[in-house]
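One chain follows as structure tokens, the form predicted alone.
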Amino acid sequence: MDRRTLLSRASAAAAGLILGPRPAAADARAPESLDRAPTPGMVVEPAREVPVVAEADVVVIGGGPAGVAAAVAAARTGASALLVERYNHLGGLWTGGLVLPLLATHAVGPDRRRRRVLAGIGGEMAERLVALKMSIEEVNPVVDPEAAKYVLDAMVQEAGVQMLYHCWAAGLVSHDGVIDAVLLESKSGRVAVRGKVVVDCTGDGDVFHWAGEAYDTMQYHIGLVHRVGNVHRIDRSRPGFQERQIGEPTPIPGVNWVNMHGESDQDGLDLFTLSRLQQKYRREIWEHVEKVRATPGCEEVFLLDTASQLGVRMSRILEGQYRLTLKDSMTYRTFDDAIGVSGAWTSVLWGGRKVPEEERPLWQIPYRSLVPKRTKNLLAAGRCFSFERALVEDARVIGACLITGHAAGVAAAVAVGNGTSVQEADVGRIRALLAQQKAYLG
């Protein structure tokens, strides 16, 4: 049976059609799971067969910065790779969320000199955007979202990664600590994909949640970014002019991106919270821009777009084999299994004083912080890898996501190639391949 026929049958099944012979009346009974009354407020979903539509050595769930880096790295290492993304673009909050600064590219080394630490696949992405003249600033550069989508798509295609857009991971099938398949919801109905190793780059730790791994859940501020145009046409000499919040420059002349802190301590996993904030923020953005336009000299400013993704900054954090700490990041701690080095972009309270960004040390990330305790063929990368809450501001940003994603992709390919669990993966081989791919290991 070809894939088109299989998907058609799956869609028909989801619609309640009978694809095979109708059972005789005497045999027609509900599945055993439907023999009991459901718990009040619940329904019981009937069991069904789900078609497997794709298989690969490495399956990456989530096409944000971490997911793209993971899929490209795995493919470049020689593994077959499949990347699953729920939206119509790659880059996650970096692109669709309009969180345009590539934080954190720099930090201070043991020699007390500030240096660039972003390298490897993430560094290549940054360099390609510079070559396109779609990136401004050397430290923590701000990029154009459409250019970044283009670059990420190109890198995925060049690496030979199989791409599935418009699919939302919805569960998994696992046995004895091994993921057999990841279930996806799509316009073709519910389907499944199989991988020898799965990399959770969902941002929210959806896969390790379904796998039964332990994790911390952190409520945080959720915002919504927007862009405004014609800021270069503001006439500050007009009588009655007042400065308004119109954001920061982007690579496109006259276009600024405007960040939003949003409401604090929000649950990024609650659908009602997300729905309420989405409505509230869109109205606030429109009304804010209208106030800007009503200001003398700002009449030509307009709302260019609001982000297609709500800005969930944090939710689940894996309880991995090692939980990285703020102390690790502030004391130049080294790890034998280091798989990358990240930077810092904001000040932090440490040692009784506020340490500014310009003095923050670079910090190593150990492989163990990507590895869950139980599931044998699962890794986590991006903002949901294993770290303590105090490190959240640096661990959740784009640069750290690119570094952990790159490492997870290589590690997954090594585990597949050697036929081992991710817990038993050859760390020496992982580090060697990362070095070959120009990652900075410290």
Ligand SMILES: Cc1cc2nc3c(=O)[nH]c(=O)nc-3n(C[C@H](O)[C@H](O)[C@H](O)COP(=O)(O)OP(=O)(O)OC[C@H]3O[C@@H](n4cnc5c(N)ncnc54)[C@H](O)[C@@H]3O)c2cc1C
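Just count from 1 along the sequence shown to find any residue number. Model, not experiment: these values are computed from the prediction.
One more form of this protein, predicted in complex with the named molecule, exists but is not displayed; see below.
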*asked:* Can you tell me if H406 lies within 4.5 angstroms of the named molecule in the predicted complex, counting non-hydrogen atoms only?
replied: no
*Mark T202 yes when one of its heavy atoms lies within 4.5 Å of a heavy atom of the named molecule in the predicted complex, and no otherwise.*
yes
_Check D206 for me: does it contact the named molecule in the predicted complex (non-hydrogen atoms, 4.5 angstroms)?_
yes
*Partner contact for G311 in the predicted complex: the named molecule, 4.5 angstroms, heavy atom*: yes
*For the spot marked by G64, W210 and I398, is every residue within 4.5 Å of the named molecule in the predicted complex through some heavy atom?*
yes
*Which residue among G268, P101, P251, G123 has a heavy atom within 4.5 angstroms of the named molecule in the predicted complex?*
P101
*So which of V84, A81, C298, A344 reaches within 4.5 angstroms of the named molecule in the predicted complex, heavy atom to heavy atom?*
V84
_the named molecule in the predicted complex: contacting segment from 70 to 78, 329 to 337, 90 to 98, 188 to 196, heavy atom within 4.5 Å_ = 90 to 98
_Heavy atom within 4.5 Å of the named molecule in the predicted complex - qualifying residues of 343 to 365_ = none
